[in-house]
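Below you will find one chain, with nothing else, as structure tokens; this is the form predicted on its own, and questions on how it binds or moves follow later.
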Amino acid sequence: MSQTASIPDYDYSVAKAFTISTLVWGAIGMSVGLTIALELVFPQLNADLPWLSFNRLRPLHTNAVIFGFTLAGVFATWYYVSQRVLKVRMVLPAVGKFHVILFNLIIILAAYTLLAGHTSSKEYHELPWWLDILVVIMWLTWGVHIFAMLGARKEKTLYVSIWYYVACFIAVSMLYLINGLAIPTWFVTQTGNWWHSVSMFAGTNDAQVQWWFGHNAVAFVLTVPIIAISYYFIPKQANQPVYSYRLSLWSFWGLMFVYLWAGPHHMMYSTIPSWVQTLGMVFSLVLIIPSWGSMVNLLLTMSGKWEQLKTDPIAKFLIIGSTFYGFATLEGPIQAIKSVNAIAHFTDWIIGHVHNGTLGWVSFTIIGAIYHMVPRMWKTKLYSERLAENQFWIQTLGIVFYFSSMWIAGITQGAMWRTTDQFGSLAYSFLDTVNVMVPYWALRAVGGSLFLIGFFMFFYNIHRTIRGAAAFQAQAEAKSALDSGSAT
């Protein structure tokens, strides 16, 4: 049998569907993000409508970007990468199709419930209890496909990306189930609305469980599977192996052990025990080691290929994305130091840190992966590399505007909140700090606008690439037939 004949005929149908979902939810989520950024500068934009108020649009933005855009990107890459590294055609295609349908249904229902004000009020876990059940079913559907693929694989060695995908599934399963434990009040008291519930935890314990979940939602949705994506697509784009497979596994186990226990840094100077706060700070600082291990490994994978960054926009997205990962995972632990946290907590500096990671690390990595996948799945070529190049620079400029304005704003806020007069009274009211923030919020909106413009350029580029696939294939077949005839 020839080598060509031994290559499986991969099924990209589900990967394609999730890729389109990534584009749609990214465009919606980021548009809502820009809307709420503008509302901070121009409050009248909410038109005095509850559905357009900041407190309803903000969770819609976070859920659409974290669980709509990012998870759709993770699932798209899983259904693409798993077949190629496990050397087996997608098994259980019906399960995969059910997965993508249920996923999109959940995001639609989540958008409605959040806009309607049906929320558990838990950060990153706002969905009502009945929708949580659908989320669990959807997540288990992915798990069934993961382990079915592992069981059917023809490649014995599990490439490191698979390790990270599996860790994402297992950790989020545990985190979501425990933090989502709730009592639907109507079924117990026969009062109130049927969709309302109360957490099974109370007071400080509820806060600790929430931020054990909240921080690790960042860890195992916005970090671990994105590392999985990077470990596949950077070596592929560079056309050379990962720099150190051993370092990738050392970083993996370090990340798994440390990340789970860093959550208490979200609750500095609160009612949780002081030793728990200190423990969260220590684990946050230790987290630099495995995080930078992954970043350094990914960057060194480009050794000898740095010239490629001059001409390859896809490599730019992937490599600069990993660089932003290094920045974000250094900044976060610094903010977890108690003396720094005393200034940073509750300020816009935290917002700057979050978007340094989500815009620079997560978005750039997913964008780079989709640019790599789409021409291969649709058997065509990218519509415009120049458009991708321009998109990269516009979005990079937007990120710089965004996090630099939030850094300055946050430190200014922290300093003003702590300033006292000669009598020991606070020198500034909260409203004073709000008025000072307006120019920085305007600059953030400029940065967000640039990033959103870049995303719509990405959307258009991929749309034209997919739309032109049939014509490209027909042209390629005609050329092949002509070459064959000429040879005869």
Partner chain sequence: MFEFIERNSLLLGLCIFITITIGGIVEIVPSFTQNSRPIEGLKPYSALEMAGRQIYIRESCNACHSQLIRPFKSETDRYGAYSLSGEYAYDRPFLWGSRRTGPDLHRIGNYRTTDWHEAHFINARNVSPGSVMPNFPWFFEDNVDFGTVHAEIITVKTIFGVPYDQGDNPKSGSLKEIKAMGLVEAAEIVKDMKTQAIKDALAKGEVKDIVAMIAYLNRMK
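Residue numbers count along the first chain shown, from 1. In this text, the rigid core denotes the largest set of C-alpha atoms whose superposition between the two forms falls within 1.5 Å. If you're wondering where the values come from, they're calculated on a predicted model, not measured in any experiment.
One more form of this protein, predicted in complex with the partner chain, exists but is not displayed; see below.
Contact annotation for the candidate site: 40, 204 and 269 all lie close to the partner chain in the predicted complex (heavy atom within 4.5 Å). Proximity of residue 372 to the partner chain in the predicted complex: non-hydrogen atoms within 4.5 Å are absent; the residue sits far from the partner. At the 4.5 Å threshold, heavy atoms of residue 458 stay clear of the partner chain in the predicted complex, well away from it. The closest non-hydrogen atom of residue 59 lies within 4.5 Å of the partner chain in the predicted complex. In the predicted complex, the partner chain sits within 4.5 Å of a heavy atom belonging to residue 220. With the partner omitted here, the stretch from 24 to 32, 450 to 458, 63 to 71, 49 to 57 that lies within 4.5 Å of the partner chain by heavy atoms in the predicted complex is 49 to 57. When the partner chain is considered in the predicted complex, only one residue from 393, 306, 346, 112 comes within 4.5 Å through any heavy atom, namely 346.
Out of the listed residues 134, 296, 279, 286, 279 is the one that sits within 4.5 Å of the partner chain in the predicted complex by at least one heavy atom. Contacts to the partner chain in the predicted complex (heavy atom within 4.5 Å) from stretch 152 to 175: 153, 156, 157, 158, 163, 166, 167, 170, 171, 174. Remark: with the core as the superposition reference, the CA shift of residue 44 between the shown form and the other one stays below 2 Å.
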